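Shown here is one chain on its own, the form predicted alone, set out as structure tokens.
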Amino acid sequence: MASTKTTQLRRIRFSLWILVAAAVLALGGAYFVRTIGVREPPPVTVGEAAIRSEFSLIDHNGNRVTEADFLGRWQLVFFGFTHCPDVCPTTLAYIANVLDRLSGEVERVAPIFITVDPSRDTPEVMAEYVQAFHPKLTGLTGSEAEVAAAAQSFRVYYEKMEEETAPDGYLMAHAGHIYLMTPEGRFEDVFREGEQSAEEMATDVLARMNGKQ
């Protein structure tokens, strides 16, 4: 059963790569999960003082990790959840595309997917999900309080929304930002899938990594 689900997830990734250009146009400005009556998330407050890479969570292999485990690498951090119907798989496929375009420099990057739905997104669920997108991607989960603390550090908006047609009767509304953090864990920039191509983002990230911007 798990093998069948893994195969399905891998097919999702390849399909999304093909459809990502069309998805950008279709999604337009919708950078958070589609829900009924959800309010627009607040704008990101950028700056080193406002956004920090601070967390204590469980990775998809079941290990306790903190931001210290990623020091020395540039972090690409995205918050979402595995039951997300559109924005999350599209954004993760986009991040995977960016990582592939970094070529040999990808070892200097730590791509991180932090769930905002820890009650369903166990380490086992996260492991199966992230492996469908890219082998370098790390999935993080934890308790409700731990996830809330991580989201607060990154100033990430998320909210549980009731939705009868969704699995378990709810979805998680959330912002769709991709945070670029320095090897010291400081805020560098924020991106959103659809605002630039994967090639453009990879070029931008490489320039920052090599001190050319």
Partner chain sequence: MRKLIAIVVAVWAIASPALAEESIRVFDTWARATILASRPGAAYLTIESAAEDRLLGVTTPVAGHVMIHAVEKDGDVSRMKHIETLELPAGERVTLAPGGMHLMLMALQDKLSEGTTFPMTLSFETAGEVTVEVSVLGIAAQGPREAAE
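Positions refer to the first chain, counted from 1. None of the values given here were measured: they were computed from a predicted structure.
Absent from the display: the form predicted together with the partner chain. The rest refers to it.
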| item | value |
| --- | --- |
| P85, A173 and H177 all contacting the partner chain in the predicted complex, non-hydrogen atom within 4.5 Å | yes |
| Per-stretch contact check against the partner chain in the predicted complex, the hit in 58 to 66, 145 to 153, 158 to 166, 181 to 189 (non-hydrogen atom, 4.5 angstroms) | 158 to 166 |
| Interface membership of F133, the partner chain in the predicted complex, 4.5 Å heavy atom rule | yes |
| Close approach of Q75 to the partner chain in the predicted complex, 4.5 Å, heavy atom | no |
| F79, heavy atom within 4.5 angstroms of the partner chain in the predicted complex | no |
| The partner chain contact in the predicted complex: P89, any heavy atom under 4.5 Å | yes |
| Contacting member of V109, V125, L102, L137, with respect to the partner chain in the predicted complex [4.5 Å, heavy atom] | V125 |
